[in-house]
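In the structure tokens that follow, a single protein chain appears in two forms: structure 1, then structure 2.
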Structure 1
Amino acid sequence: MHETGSHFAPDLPEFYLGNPHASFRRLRREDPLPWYPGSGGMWCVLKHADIVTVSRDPDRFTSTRGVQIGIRDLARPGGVPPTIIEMDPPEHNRYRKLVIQAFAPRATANLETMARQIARESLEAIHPGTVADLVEGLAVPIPMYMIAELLGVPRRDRSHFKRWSDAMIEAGGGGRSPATDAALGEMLGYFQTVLGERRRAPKDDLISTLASARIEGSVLSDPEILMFCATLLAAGNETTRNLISGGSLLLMQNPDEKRRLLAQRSLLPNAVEEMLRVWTPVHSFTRTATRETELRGGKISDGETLLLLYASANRDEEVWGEDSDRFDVGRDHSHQRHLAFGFGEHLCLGASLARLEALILFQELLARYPNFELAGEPTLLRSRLMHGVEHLPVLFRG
């Protein structure tokens, strides 16, 4: 069993504020599946191929014992169902098929119009020639209001929705308090009322679709629907926010790549894939071995944790070549897949929505402020789960 050097500490937020990619690169070469003794101990899966192997085999590597560092075998209060992200087949298949119905029929054109409207309103609120925080001004509102629209939350309730989203993010980041619990309780109460109304008089929103979703006679219960609404807020908000802020930062730090995009806007969808790869908004998720097994020739014992480091896999030289650290908006993404959205059973349900939101935001931003530039030091988020930016001062040249 290999022990890693003291500077490799994937369970500590500080590690990600330093230069984690130097450690990942060295380990991929020297010891690509190291045992890390911190936080109860875990195998660190650094190679793209190994994350794919683990993610497509829930029978050997379960999600039911938690998917985040330090969150293992948490007792749930009676009656609280697990979230989709912590289910295995066959339960997971049934649930995923039911909730996917709520995503599938939403016409892309409709979502696109919504996203463009929110992006334009957010850009209009910025005064040309001034410095503003891109996170607060652009990265926060788009994902948040898109989820609000999807769920059918009316505009007049948006300020509540923002408070609940913030509480959700705070609680998820380990900042659970009586205040966040109260906000979350309020949110569940709100959705419970909306759900009751939609059961009586369905509308064209996600809650109505969830209420009527059916597979082979199976339907979703009220607690399952409420839990799914809360999951969407937790899974879709901060992640997409950080794709937008991280992607903007990458463009400002790589002015040649930004110029390339300005000259050839059709590269934008590919540039979003490259942002997802290089930035990787979620550093990692975990799995737990259900039996003694093997991976990369090493023995994994029953009950041991595996840390799937997407951030490392997305720069694996074997897949992306020796220049994998380089942000290249023209890089070929058609033959290999980055793992920013995970892989296999739990592949992100909101991937196409997140891609659409980022694409539209960057289209609008580049059209309105082609010369946006960094106006100070960005403040990075201190987190072992999310790769995020807290504040990003930007000069929006008119």
Structure 2
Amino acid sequence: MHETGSHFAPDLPEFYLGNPHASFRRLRREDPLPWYPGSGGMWCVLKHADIVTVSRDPDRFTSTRGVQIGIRDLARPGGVPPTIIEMDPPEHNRYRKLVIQAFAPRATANLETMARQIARESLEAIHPGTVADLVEGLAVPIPMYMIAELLGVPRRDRSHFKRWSDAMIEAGGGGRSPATDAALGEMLGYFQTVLGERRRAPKDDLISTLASARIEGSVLSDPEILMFCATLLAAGNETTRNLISGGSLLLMQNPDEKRRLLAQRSLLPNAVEEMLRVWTPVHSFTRTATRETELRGGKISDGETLLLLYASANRDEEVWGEDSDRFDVGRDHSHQRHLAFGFGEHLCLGASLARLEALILFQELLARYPNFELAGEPTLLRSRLMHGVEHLPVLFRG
């Protein structure tokens, strides 16, 4: 069993604030399935093919014992149920079917008008020639308002969403505090109230769908629905926010690629895929071995944790070539599949919606402020779970 050096610490937020890709690149070459002793010990899955293998085999590698570093066996207070991302088939498939139609490509296309309106309103609030925080001004509003619309939350209540979503990500990234616990309690209390309203008077939204849904003849309990809502809020908000802010930063750090995109706007859908590959919004999730097994020749014992490092897989040279660290808006994404949205049963429900929101935002941003540029140092999110930007000062020039 090979143990990695002390500079490799995927369970610590500080590791991701440095240059994790230097460690990933070295390990992919020297030891692509290393054992890391921190946080109880875990196998670090760095190669694209290995993450695909683990993700498509929930019988050997379960999600039911936790999907985040340091969270094992899902001991929950007060009988709080697991979320959909902590389930395996067939239970996971039954829950996924309840909401899959709302996130299907055809359904999300119907939300294009709303997304474009939010993008334009957000851009109109920024005065030309001024410096503004791109995260707060652009990356936050679109996903926050869109997921609120799908859930059926009134506009007057949506100002709370960012605080609640941030609290969920902070807790998942190793930053639990009394403040985050209070915010999470407030969020669950809010959804409990809305759920009661929908039971009395259903509407055309996801909460109403969940309130009336049946699995094997039984309705969902209130705690099950509340956890579903909380998961949708965090997943639908944070991932897209980080895609937009991280993608914007990549364009500003690579001005030649930005000019190429401005000259050839048809590349934008492909550029969004490249943003997802290079700026993978979720660092990792975990799986647990259900029995003694093997992966890439390594002997894995029953109950051991595997850390699926998506950001490493998305720069695997065997898939993306020796220039895999390079941001290339024209890179061919027609055959290779990045793992920014996961793989297999747990492929992100909101992948189509996230792509749509990012595509529209960049269409509008490049049309209105093609010469936007960095106006200071970005502040990265301190998290071992999410790859995000907290603040991104930008000079908005036409």
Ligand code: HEM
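Counting starts at 1 with the first residue of structure 1 and goes up one by one along its sequence. Each form is matched to the other, and the largest set of C-alpha atoms that superpose within 1.5 Å is called the rigid core. Every value quoted in this text rests on a predicted model; they were computed, and no experiment measured them.
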| query | finding |
| --- | --- |
| Structure corresponding to the form predicted in complex with this ligand | 1 |
| Residue shift check between the two structures, rigid core fit, residue 201 Cα at least 2 Å | yes |
| Core superposition between the two structures, C-alpha change of residue 320 at least 2 Å | no |
| Core-superposed comparison between the two structures, residue 163 Cα displacement 2 Å or beyond | yes |
| Residue 214 CA shift between the two structures in angstrom, with the core used for superposition | 5.6 |
